[in-house]
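The chain that follows stands alone, in the form predicted on its own, written as structure tokens.
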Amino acid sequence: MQSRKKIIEIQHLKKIYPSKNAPILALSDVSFDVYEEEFVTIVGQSGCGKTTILKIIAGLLPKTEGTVLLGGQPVTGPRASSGIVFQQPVLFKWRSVLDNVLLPIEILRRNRGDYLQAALDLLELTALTEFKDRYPRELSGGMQQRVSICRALIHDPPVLLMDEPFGALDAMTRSEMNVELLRIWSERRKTSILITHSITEAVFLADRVIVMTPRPGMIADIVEIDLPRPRLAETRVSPRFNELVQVIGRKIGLKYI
């Protein structure tokens, strides 16, 4: 791991939210690196600052103190070098699937024609080709989230940031989307960070799991996931998988998993 190029570097990150009563310390002295083509998940209880970390990396939220570098450059605002997938797909209901995928190209003021084939390739990758002219209301929740992943990848960013992308899905669909996401990641090899409340999801997807303490959010531990890839649904019933889930659960402070 140490021989790989560092893509994301975070040192002594601190975030304080202003409040009418007293300032809220959301993050305290958070430091970690993410390497090229690595898949990292961040897990912890609600309110531990997981999403705050992701928003700061994405340039959507300013830090209070510390250093945040993306590709060796300080993060001072949103950048085209990262694609973002939110918990809700946030698709425009009046735009077709293809037009929703191509939306970032318009925002970046790039030539749509130059990216049309890339959009079609992504839809093929995610088994959505036959739905390219459909509208969001005609898609299932899982299909909508696949569209949002395509949209995040359309401008070919080196980094993919995901904030609870499957949190609103039912358990079966979520499990299927985990497998689907790993397939997409294995094809595109984007440096990826995913925020989740689910320990099983965190272990299934990641090369490393960053375990957060309750607020103020600090890193309790970083756990290497030594499960072989490719990972399939059967991985979740292996003894080592369950052992890792238990280890991380205890580090979070859960008594029952």
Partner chain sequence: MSDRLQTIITSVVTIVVIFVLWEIGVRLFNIPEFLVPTPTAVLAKMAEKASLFSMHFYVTLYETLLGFLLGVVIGIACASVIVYSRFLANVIFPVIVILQIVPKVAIAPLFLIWFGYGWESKMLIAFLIAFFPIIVNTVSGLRSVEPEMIELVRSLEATNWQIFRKVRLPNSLPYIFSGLKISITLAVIGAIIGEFVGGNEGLGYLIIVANFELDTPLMFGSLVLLSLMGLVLYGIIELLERLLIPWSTTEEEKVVAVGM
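The shown structure was predicted, so the numbers you read here are calculated from the model rather than taken from an experiment. Residue numbers count along the first chain shown, from 1.
From this point on, the text means the form predicted in complex with the partner chain, which you will not see here.
Shown here without its partner, the chain carries R79, F92 and I107, all of which come within 4.5 Å of the partner chain in the predicted complex through at least one heavy atom. Partner contacts here mean any heavy atom within 4.5 Å of the partner chain in the predicted complex, and among 83 to 91, 168 to 176, 182 to 190, 122 to 130 they occur only in 83 to 91. Only one of R215, H197, K55, R208 comes within 4.5 Å of the partner chain in the predicted complex through a heavy atom, and that residue is K55.
Under a 4.5 angstroms non-hydrogen atom cutoff, the partner chain in the predicted complex lacks L116 among its neighbouring residues. Not displayed here, the partner chain is kept clear of M143 by more than 4.5 Å at the level of heavy atoms in the predicted complex. Taking non-hydrogen atoms only, V223 never approaches the partner chain to within 4.5 angstroms in the predicted complex. Using a 4.5 Å cutoff between non-hydrogen atoms, L69 does not count as a contact of the partner chain in the predicted complex.
Although the partner chain is not shown here, in the predicted complex the stretch 123 to 156 places heavy atoms of Y135, R137, R151, H155 within 4.5 Å of it, in sequence order.
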